[in-house]
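This document opens with one chain alone, in structure tokens, the form predicted alone.
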């Protein structure tokens, strides 16, 4: 997501606040204030500024899908009959809960999706009965992830 204000500059204090929150979004404001050496009120003001600018777009808990039995991560390149069908195809893909991400791309595919399934049989069912049956989808190309080796946010 692009910041709402492209001209917004962040200083060293903002960067320290962001780094701290990226490590642990549950850290108390007063602890951040002590670490940065400014008041809790100043931290609140800076956080509001960062949220209003779009630099911070929320916080969330990270669920470990393997603990819930989801073992297969796959990336699927989706070919559409016509690019004009993209909005309708995306609307249908949004209805599939296993679709975690969807990217409009350059290159051979029209869109690239990331999905999470219980296992390979679940993936095959999803491909055959949900994704490839979407109107306008001509074919798919699937890549199964064997291991996620890097998982990080942008460096601040």
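Small disclaimer: the values here were computed from a predicted structure and weren't measured. Positions refer to the first chain, counted from 1.
Quick note: we don't show the form predicted in complex with the DNA, though the next part is all about it.
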Distance check, residue 91 to the DNA in the predicted complex, heavy atom within 4.5 Å: no
Exercise: residue 60 in contact with the DNA in the predicted complex, heavy atom 4.5 Å: no
is_contact(residue 41, the DNA) in the predicted complex, heavy atom dist at most 4.5 Å: yes
Interface membership of residue 53, the DNA in the predicted complex, 4.5 Å heavy atom rule: no
Heavy atom within 4.5 Å of the DNA in the predicted complex - the one residue of 105, 45, 35, 120 that qualifies: 45
In the predicted complex, segment of 83-91, 106-114, 25-33, 63-71 with a heavy atom within 4.5 Å of the DNA: 25-33
Members of 87-104 lying within 4.5 angstroms of the DNA, judged by heavy atom, in the predicted complex: none
